[in-house]
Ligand code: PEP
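Quick heads-up: it's one chain on its own, the form predicted alone, in structure tokens.
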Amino acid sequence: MTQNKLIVSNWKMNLKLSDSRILVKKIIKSSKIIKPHIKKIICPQFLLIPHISDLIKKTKICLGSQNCHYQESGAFTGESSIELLKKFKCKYVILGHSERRKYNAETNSMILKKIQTAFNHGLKPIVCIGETINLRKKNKYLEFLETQLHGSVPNMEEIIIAYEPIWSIGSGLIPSFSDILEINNFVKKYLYERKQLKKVSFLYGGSVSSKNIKGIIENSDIDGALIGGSSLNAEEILKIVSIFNFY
């Protein structure tokens, strides 16, 4: 049986209503040739979620959120609840992205609570981890990633981990294929042995493009990709999807 491959589009705080409609319609049109083991997931900014949910409701494309709060409701100005995400058919939620860790001061313990909330409500968390270039140069990246995994991933049945080295996001630089494979093996071994998880899906993210994804797939044994900038361009994201079709 072919292993499912997850292709997650993280639009971040991009695209107007009209732009998002055009992009999604192009993806829908091409989805007829996407093989069943390819799971396409779109994660737009909050105000686009109802619109995208309506556009994809008769398709096999899945909807995700870029964040959620760990409380179901309350005095949390500017946040959005897990119940509203479910209302608009979100199936996935990105948690612990380095941009939220940096700009919103999210800690491992906070991310842990969010993961537990998402899991308890039936959403699948996509948990981001990644090191800075200084940690990579000092050869302390595995120690740092272990700290993130230890502090933010609960003991649960399964998890999706997206490895996004901070120095790679938006820079056009990516780790070597062997470096990505090393992190893949490290993450799965740690979570299987230390957290007793039964299933771990490993995604790579960070300057993913149609030019490098084939090499990453063939040499790094990834289970999918978390895609930022390339997911905003219809031609580029469809090229990436078509490459995954062969694996």
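One-based numbering along the sequence shown. Please read these numbers as outputs of a predicted model, since none were measured by experiment.
Omitted from view is the form predicted together with this ligand, to which the following refers.
Taking a heavy atom within 4.5 Å as contact, would all three of 5, 200 and 224 count as contacting this ligand in the predicted bound form? Spot residues vs this ligand: no contact at all.
Is residue 184 part of the interface with this ligand in the predicted bound form - any heavy atom within 4.5 Å? Although this ligand is absent here, residue 184 would stay clear of it in the predicted bound form, with no heavy atoms inside 4.5 Å.
Is residue 151 part of the interface with this ligand in the predicted bound form - any heavy atom within 4.5 Å? Residue-level check for residue 151: no, no contact with this ligand.
May I ask you to check whether residue 114 falls inside a 4.5 Å heavy atom distance of this ligand in the predicted bound form? Heavy-atom contact with this ligand at 4.5 Å: absent for residue 114.
Applying a 4.5 Å heavy atom distance criterion, does residue 99 contact this ligand in the predicted bound form? The answer is yes: residue 99 has a heavy atom within 4.5 Å of this ligand.
Of 135, 169, 82, 160, the one that lies within 4.5 Å of this ligand in the predicted bound form (heavy atoms): So the residue touching this ligand in the predicted bound form, by this definition, is 169.
For the interface check, one of 54-62, 184-192, 28-36, 207-215 should have non-hydrogen atoms within 4.5 Å of this ligand in the predicted bound form; which one? One stretch meets the cut-off, namely 207-215.
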